[in-house]
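Just the one chain here, the form predicted alone, laid out as structure tokens.
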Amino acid sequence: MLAVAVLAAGKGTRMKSALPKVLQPLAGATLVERVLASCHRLAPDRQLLVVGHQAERVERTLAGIEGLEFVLQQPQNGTGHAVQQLLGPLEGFEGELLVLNGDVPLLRPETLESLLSTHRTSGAAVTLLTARLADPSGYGRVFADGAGQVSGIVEHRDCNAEQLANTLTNAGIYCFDWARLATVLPSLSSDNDQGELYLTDTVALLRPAMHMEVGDPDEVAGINDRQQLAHCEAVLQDRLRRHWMAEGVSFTDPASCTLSEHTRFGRDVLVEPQCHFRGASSIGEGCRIGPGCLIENSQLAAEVEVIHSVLRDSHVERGCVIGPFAQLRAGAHLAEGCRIGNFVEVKNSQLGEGCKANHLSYLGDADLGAEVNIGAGTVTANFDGVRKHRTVIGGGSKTGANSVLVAPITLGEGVTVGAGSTLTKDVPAGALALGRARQLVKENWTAGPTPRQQQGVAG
């Protein structure tokens, strides 16, 4: 059997944030969610999260994760003390305990599978993950023989000159035989500079102890401050871009674009510079995105083109063209072949096939049939000050420039709205609708003298 414990009780004071460190976002998911996700392939029998600082907030955030058990560490007195809190919940448990840190979010599932396999094959009481760092300053050094058996761990401040030359460091990730660990946990001592109980001290009490060196040191990069968070974001973004380029997506300037973990792309998508994808977005085959786009929780079918625009919580069907400088908000749904042009906003509206709104318009809470043409400056006035109302425009209708449709209102099929009209009543199919003041022209009109002319100053 396998239990996974994630240590997530720390304050993270160096983050200088009201948000607990383990809830800081990284490519669309929190740090601790990423740590928990890295264990899915292991199919653990128990998942435990050790919480402390802002425990209630952490528990609320993760309440939807099935089978996750919360264990309170109060006060927070070191990593050894955190794992001591598992003695009760895991009483009688037989199997391995994998201990992870809630602020080490880049571990690959393959690495954890290898760690578990190495531990089981060796028969060790503990197997720790190690990393060889170019600059190991501040990290405990791991000393082991060629077979991977650990003879000891020496903290950086306690190393002599010869020991400091060793670049093999402790990553703080362990796989234990739980029964043997449970026998030594009560004997941990806080007789150290920090006055805390260290999980590291159990390695000297458990034999045999083995280590497995990780191939990519970035996998065990921890996050204690904003700079380290930015570093991990860069590493993860590079991973995501490389993955999708291998799947047939082209980025003309990869470093300028960011993705979420849940973004999905079809083949032959072209992503131009300064494009950003958030949430669970999907981009169909042959789309062209960018430059300068933000797409969040939106689904785009094949061969859609989006330029310098923002799409949130929207659906766009095949062959649509959007932008530049357009915005699709929550509930926007464009059928095939629609064209949304510059400075057009669409919110909670359904547009039929082939609709066009090319300039300076707002379509809110509207239902448009096929082949509707929206003239420049058309506005659906959907709010009466208390409630939102819908506008319905039948297929083949067209609105003139600077039209205002005051909802609730229905225009039948094939309606023509004259430019500058404000409509407040339904219009039957095939009608011409005009709703504007009659033009007044006064011929031979001469304006009176200006104030400057009245004062004798030439105009």
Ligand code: UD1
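Residue numbers here begin at 1 and follow the sequence given. Basically, rigid core = biggest C-alpha set you can superpose within 1.5 Å across the two forms. Just so it is clear, the model here is predicted, and its values are computed rather than measured.
Although not depicted, the form predicted in complex with this ligand is the subject of the following passage.
Annotation: in the predicted bound form, residues T127, V150 and W178 none come within 4.5 Å of this ligand through any heavy atom.
Within 4.5 Å of any heavy atom of this ligand in the predicted bound form lies no heavy atom of D218.
Shown alone here, G140 lies within 4.5 Å of this ligand in the predicted bound form, counting heavy atoms only. Contact annotation: N101 falls within 4.5 Å of this ligand in the predicted bound form, judged by heavy atom distances.
Although the partner is absent here, G78 sits close enough that one of its heavy atoms falls within 4.5 Å of this ligand in the predicted bound form.
The contact with this ligand in the predicted bound form, taken as any heavy atom within 4.5 Å, belongs to Q73 out of T258, T263, S309, Q73.
Among V271, A171, V372, V316, the residue placing a heavy atom within 4.5 Å of this ligand in the predicted bound form is A171. Remark: of stretches 193-201, 377-385, 339-347, 245-253, the one touching this ligand in the predicted bound form is 193-201 (heavy atom within 4.5 Å). Contacts between stretch 7-33 and this ligand, counted in the predicted bound form as any heavy atom lying within 4.5 Å, involve L7, A8, A9, G10, R14, K21, V22, listed in sequence order. After superposing the rigid core, the Cα of T167 is displaced by 2 Å or more between the shown form and the other one. For G140, a C-alpha deviation of 2 angstroms or more is recorded between the shown form and the other one after rigid-core alignment.
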